[in-house]
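In the structure tokens that follow, a single protein chain appears in two forms: structure 1, then structure 2.
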Structure 1
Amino acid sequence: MLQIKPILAALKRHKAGTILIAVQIALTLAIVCNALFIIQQRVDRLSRPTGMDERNLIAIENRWVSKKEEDTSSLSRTDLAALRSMPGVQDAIMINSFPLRGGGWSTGIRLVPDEKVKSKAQTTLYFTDDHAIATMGVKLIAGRNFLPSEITSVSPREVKTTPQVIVTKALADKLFPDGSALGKQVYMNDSTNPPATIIGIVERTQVPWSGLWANDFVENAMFLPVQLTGDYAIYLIRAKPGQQMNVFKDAPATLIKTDRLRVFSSERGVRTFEQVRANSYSTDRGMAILMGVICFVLLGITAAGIVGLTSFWVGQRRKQIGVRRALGATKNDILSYFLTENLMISVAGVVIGAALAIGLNLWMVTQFEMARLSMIYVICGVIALLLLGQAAVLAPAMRASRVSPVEATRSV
């Protein structure tokens, strides 16, 4: 470590190479910090729980062909009866949408019937029946489930509100921060409609959307005891443990046997929930993989660059190294000389790089509505690059330490 002065003197003679390594380390740090941060944000999102018993669920999106709207409620009742009596099926529901599906209903909730008051919370609406809690596998933590007598059948155009609703804990806490949601009245949609009473609270259910815009109400969901009519019917089926694949195979045939005038859409027709999840987060997962690959390759290229330039320096200085060795420098002295040299360049690089990383993040915040970079990533990046530099310089430095003192006498 006492070699700092001579190192500085030597570096002055290799300004270009020194600056290049420092710049490369700085730029790599800037990109790697931001890429890691993007990865963490995406991975966080794609591992969010939906609140459901995902491993046993199957979703079927069914469309009637040439059926009158008034007939569809009895058709779906027949379907549900057939699905529920299938072997391997625990329970099944018809629902207008489900977590991670991608399309659904959302509305603002008010506590007072006044149009001028801004809504208190945004929520998604799930229209389903008294089997929803059992089918989805969500946990009722307060109040009660819907009664079969409370379920009504309504056209999507005419649905207003219902006397009873079940809400998620997240929504209940947002509406009533003091924890008194159960039994309270809320207004949805048009506040000229009558209020709904919260009769139950479930632990957790996610909204249908995985987009960044839905982040601030991702667990705000409300269940209404309504079966929507119309030519589109979405079924969620919960298989008994271990039966998911059997039910997945047999359920479409069961439905077609009940009535063959129907289609399952090609992309979203019959899916296990694993497929739904993978589909919903495919962009996030892809982005995380891409950033991971970029980080990996970038670190590799930077390491290769350091190895290349240091090897060149070692080659250039063989004679000087030989002279030092002849004058009594140990192998360790030579080794630590190159390690210290690299450490000094790297420190300069990471200092600039940390500033660049924060700058790049601030620019991305304004451009892409991203979150602020946490300092942890900068610190981790700095440590990673310093270690990488030391590791990359190790091989050429070892080679330098093996230069024999005899080199001092050679002419080249």
Structure 2
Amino acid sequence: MLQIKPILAALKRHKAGTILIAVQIALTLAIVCNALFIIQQRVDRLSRPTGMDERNLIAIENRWVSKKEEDTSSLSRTDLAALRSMPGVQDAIMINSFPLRGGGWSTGIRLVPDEKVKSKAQTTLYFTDDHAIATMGVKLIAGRNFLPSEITSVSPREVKTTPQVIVTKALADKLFPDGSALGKQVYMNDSTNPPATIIGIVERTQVPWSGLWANDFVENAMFLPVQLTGDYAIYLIRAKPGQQMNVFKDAPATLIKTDRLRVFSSERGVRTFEQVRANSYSTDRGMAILMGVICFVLLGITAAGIVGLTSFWVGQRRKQIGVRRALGATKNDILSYFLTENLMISVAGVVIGAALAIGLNLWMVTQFEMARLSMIYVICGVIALLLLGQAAVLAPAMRASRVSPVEATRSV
């Protein structure tokens, strides 16, 4: 049987403790809801597919030493011929960047040659050759691949556009939502450049960046049939199934044999794609772990606070409990009294906490461009905090219910 009036009267006599526990529950709910929401977002990003055959890919980055820029085109062709002839290699390309690498090129795409018109979409640019689809393992779902005759070598300072481009389905849908993008013309960079014709569409390829700022165009990618010259070269190698580690060990030596005047970076020199993915999402993984620890600690502190305060109140009220037991109150009456009392405090806390959770999220949306908090997190958080509160108060409440009426009346 609920005894609301006596409970309210008791809470009024212990305002400080009641307010502290309610505030603690409110803050815990607000922080835990947003922390779990951030964890879920980070976990979703960790498992986001790149569209490539990641299990068999190896990335190598090297810098030429004492080489003229005009010589690097032939050097990269020699490297690619050597890599493609290695045992266990399915194909290889030179490319300016690749998904999750962490750096690359991006530009706005227009449908008309007018710089006053806002770009229709933002996209990353991958400069590569006709082996890109086979090497990366992306799926061509419409149109055709580049022809060898369409590949050109251009300095990064002079590259503008190309007559043919291949785009991802996400970019094609963004540019031409009402129909097929195949055969359509698009414009990039300034309006003086000629248009590029979309000759192929691939299913999915991710941009090089994993940050939140790239979420709006994460699968917008455009391939151009260009081999960039310069002293820095990035190779992607696709090994045959089961040969990745053998190729990983032998590929640097193969490149050294073609020319020794090169340096492999200590951080990005030779990596499997598993290492690329782990490095790209290290911040997200760390943030998810940190948020998880914070949630665990906050819930633990809140539970400990409820246990401590209820135990203190039980100790203070032993005389009152004994009187009630002597007047006929059962153990269940005492137990339900403390459970109800804690439930009332918890309800007040979660109501305030729900408002705080939504307010905190709205502030982060405006300050950090975060997504809006789903109400599912707030509802689940409210239920979890109420259950946690009831579980925490159960032990001291049961201890109170075992107070002997005889022992209590003796103390009167």
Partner chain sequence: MFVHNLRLGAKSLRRNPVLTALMIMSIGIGVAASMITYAVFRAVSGNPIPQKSSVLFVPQIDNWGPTYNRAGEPPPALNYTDAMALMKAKKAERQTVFFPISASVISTTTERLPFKVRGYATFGDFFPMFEVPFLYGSGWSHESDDAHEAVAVISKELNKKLFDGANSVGKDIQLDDGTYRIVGVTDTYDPKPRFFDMFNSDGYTDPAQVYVPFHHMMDLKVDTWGNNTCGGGPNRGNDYQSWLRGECVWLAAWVELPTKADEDAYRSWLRGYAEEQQRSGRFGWAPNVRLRNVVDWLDYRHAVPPESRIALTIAVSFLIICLVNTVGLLLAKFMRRAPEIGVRRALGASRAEIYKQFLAEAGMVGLSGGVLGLILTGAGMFGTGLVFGKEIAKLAQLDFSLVLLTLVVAVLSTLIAAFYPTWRAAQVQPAWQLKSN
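The term rigid core refers to the maximal set of C-alpha atoms that superpose within 1.5 Å between the two forms. Small disclaimer: the values here were computed from a predicted structure and weren't measured. FYI, numbering is relative to structure 1, first residue = 1.
- As for origin, structure 2 is the form predicted alone and structure 1 is not.
- For the candidates I39, Q122, I301, R268, the hinge between rigid parts between the two structures coincides with I39.
- The chain behaves as two rigid parts between the two structures; the smaller one is rotated by 10° relative to the larger (C-alpha superposition).
- For G328, the Cα deviation between the two structures after core superposition amounts to 6.5 Å.
- Core fit done between the two structures; CA of P396 shifted by 3.7 Å.
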